[in-house]
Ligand code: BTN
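As structure tokens, one chain now follows by itself in the form predicted on its own.
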């Protein structure tokens, strides 16, 4: 960790407290000029750090840029977190890391994605500073069928994190869309790499994109997209706290996949059970009524011709 990162960590963990240049110079065994240069670089990177005569440097409480230190104070288990200002896709970055030997729970987080995507290669708008865009490297030891539950565990974790931070009830639209007040605030994309020889999973990458703060959506997107917080609701360090809560809850459910611990919470938050939907699943398409959700997270539906099917994948849209 360089001097700039060391100073950022110290200031960030002591928001509102002032440090003189001499104090920081003694702390890190460098010159006051080196401290000044590091602070200037942090200010240019967007951090609000005041420099006042006779008081020194102060990290403003309202700083909201995501940093490793800022997030880790809300995560109780060891993990490596890499924060980037801009990437094309956090999933692509995490897959590169996984191919290079990244450990389980190594995370890539970005302030902005220029080519964020969801299922079926749909574009996921990832504007700077208003969302959470995180990808997590996993090394699952479950059976092949159980790895399908990684996404559902992540969905429950996101709901619980939102409920904890925002005090709002979140719902899940099968398979992995998180809704607040009928609008999508989060999408989840799980991608995996298989070992051809063993047939087992080499790694999985779980990408989670959350619309956190109010933003201007296109007219078409505004009909279906929402945000976790509205104007005036956002708590201090809200995004860092939300990332921490998601990681904590996701790890809890992920480690208990064989026991299906996630299932009751997933089903409880389903917004499609009992609803009429339009089904898109492989070569199956049509209008149906959702009858139930089984413990494998298969969606049981009855089509208008009376045919009942259990869907293992696909998507549905709710009929109004």
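Residue numbers count along the first chain shown, from 1. Note that this is a predicted model, so its numbers are computed, not measured.
What comes next is about the form predicted together with this ligand, which is not displayed.
Please check if residue 189 has a heavy atom lying within 4.5 Å of any heavy atom of this ligand in the model of the complex.
Judged by the heavy-atom cut-off of 4.5 Å, residue 189 is in contact with this ligand in the model of the complex.
If you check in the model of the complex, is residue 183 within 4.5 Å of this ligand, heavy atoms only?
Contact check for residue 183: no, nothing within 4.5 Å of this ligand in the model of the complex.
May I ask you to state whether residue 117 is within 4.5 Å of this ligand in the model of the complex, using heavy atom distances?
Flag for residue 117 set to yes.
Hey, in the model of the complex, is residue 134 touching this ligand, heavy atoms inside 4.5 Å?
Residue 134: contacts this ligand in the model of the complex.
Out of 237, 111, 160, 177, which one falls within 4.5 Å of this ligand in the model of the complex, going by heavy atoms?
The residue in contact is 177.
Candidate from 227, 89, 97, 147 lying within 4.5 Å of this ligand in the model of the complex - any heavy atom:
Of 227, 89, 97, 147, the residue with a heavy atom within 4.5 Å of this ligand in the model of the complex is 89.
Mind telling me which stretch in 139 to 147, 69 to 77, 202 to 210, 240 to 248 gets its heavy atoms within 4.5 Å of this ligand in the model of the complex?
Of the options, only 202 to 210 has residues within 4.5 Å of the partner.
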